[in-house]
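A single chain, nothing else alongside it, follows as structure tokens in the form predicted alone.
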């Protein structure tokens, strides 16, 4: 006998929402925010230790905090939230029933047990192997068990997402092709399957090695396969937060993409080429041939970059089109001046686009260039790039969406809405500072993993340039700002759920938001000169920064 599905109608969008999907979205999103708070605390401890004047933690606690920060932020917070997005993009946007909801709950508890077990094992102090967990460093066997449990749970949700797409198509709950936001989520789920498979391929034998059942794990083989998970997990994030960009543009402006076909092509480039960026962690390793490195960092890599540049043009372009249709047609940027700058959902997503493009994107291309990678590999430049992409791009976009999604799902007004207006600016400022200052210090050679940049206990003294010390101090200040903003966000979400005023009417959204989220077609009809000017500014910045790095390389890499 088929299971009975209960629904509610969203008063904001008119969507018919399966109540089981509704609950799973809420539980996954709330759990994600809790781990964001935990991971952010560990991140602050890491930053204050890397600040030479403060130097907060001893070595053992520093590596413990660094491991917990990487696991909780790069994996747990983001993937829990992405699971909520998968349910939203499938069951809600397609107005479909959720097949096998008990499987969804099983996956949630599997992920939660894995996340909690991982944190407990890390805090016990025997698994401070950092996010990369490179062999021959060995963690407690339960550390690898925790990661595998979490990964299997996420994999189950991905397959449940695909099953929901099949049900929606067979039951004809939507017409035509998949909505663009759902299509972006599908791309993220496809990459997730590849990513989790890569993790299983290397973590299962590593677990057996930690148990003493396997005598040896080749370190180079480990790195090659592990980065198929470690970096590709960030490609899940890119696909997901780009989908959130399109969703935010639809919710706030009722915007449609300039061309759906072009946007879908850009998403497909992610599937085909984005994982190749994983090799930028291996460009100094001897195991990969020179021919592969050249192919990877030249011809193939640029196709993934092209996909992101397309999205960087079409998302603000769709916003400009929507604004110009509302009458904001004066000059190049009236559409931008008249945007709702008091709306944290819009501001957060707009800053996410800027930070991801100008900071994370440009630095990613630099790191993905074989010759330039030589002067930045294993320096703190790499975490600087990560903060520009994962924190400034993905995390800020997800947090911004919560300012619309939480009132819609929980039917409560955001607690202290005036405070919410400050959040994206503070967080964006803090994260941009972390990224830029770490990248600057990395360019000067500051180590990525060493707990004490002064090397006070080393038998042979070494000191970085004074500018590096100043940059790491500025990184510490930026981390404090970002942590304050993150605490504001978590506090607002918790208090909204506990004491937020219950909503009687609809949450204000663009009148055609539902059509923007689920409809088809494109926003053609007006030119987008302002967006093209912004694109030219980006290209100019990219060319100048790229040239500066080649100039720097030529000065330190002298050939006779």
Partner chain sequence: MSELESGKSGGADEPVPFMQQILDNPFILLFLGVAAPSVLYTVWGVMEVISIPVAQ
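Numbering follows the first chain given and starts at 1. Keep in mind that this is a model prediction, so the values were computed, not measured.
From this point on, the text means the form predicted in complex with its partner chain, which you will not see here.
Undergrad: So in the model of the complex, are 190, 194 and 223 all sitting within 4.5 Å of its partner chain, heavy atoms only?
TA: Every residue of the spot touches its partner chain in the model of the complex.
Undergrad: Looking at 433, 228, 205, 141, which has any heavy atom no more than 4.5 Å from its partner chain in the model of the complex?
TA: Flagged contact: 228.
Undergrad: Of the residues 450, 469, 264, 412, which one places a heavy atom within 4.5 Å of its partner chain in the model of the complex?
TA: Only one option qualifies, and that one is 264.
Undergrad: Against its partner chain in the model of the complex, would residue 457 count as a contact residue? Criterion: heavy atoms within 4.5 Å.
TA: Close contact is absent here: in the model of the complex, residue 457 is far from its partner chain, nothing within 4.5 Å, heavy atoms only.
Undergrad: Does the 4.5 Å heavy atom contact test between residue 272 and its partner chain in the model of the complex come out positive?
TA: The answer is yes: residue 272 has a heavy atom within 4.5 Å of its partner chain.
Undergrad: If you check in the model of the complex, is residue 108 within 4.5 Å of its partner chain, heavy atoms only?
TA: No.
Undergrad: May I ask you to check whether residue 463 falls inside a 4.5 Å heavy atom distance of its partner chain in the model of the complex?
TA: Contact check for residue 463: no, nothing within 4.5 Å of its partner chain in the model of the complex.
Undergrad: Okay, which stretch from 165 to 173, 401 to 409, 417 to 425, 334 to 342 lines its partner chain in the model of the complex, with non-hydrogen atoms inside 4.5 Å?
TA: Comparing against its partner chain in the model of the complex, the contact stretch is 165 to 173.
Undergrad: If you look in the model of the complex, which residues in 275 to 295 sit within 4.5 Å of its partner chain (heavy atoms)?
TA: Those in contact are 275, 276, 278, 279, 282, 287, 288, 289, 291, 292, 295.
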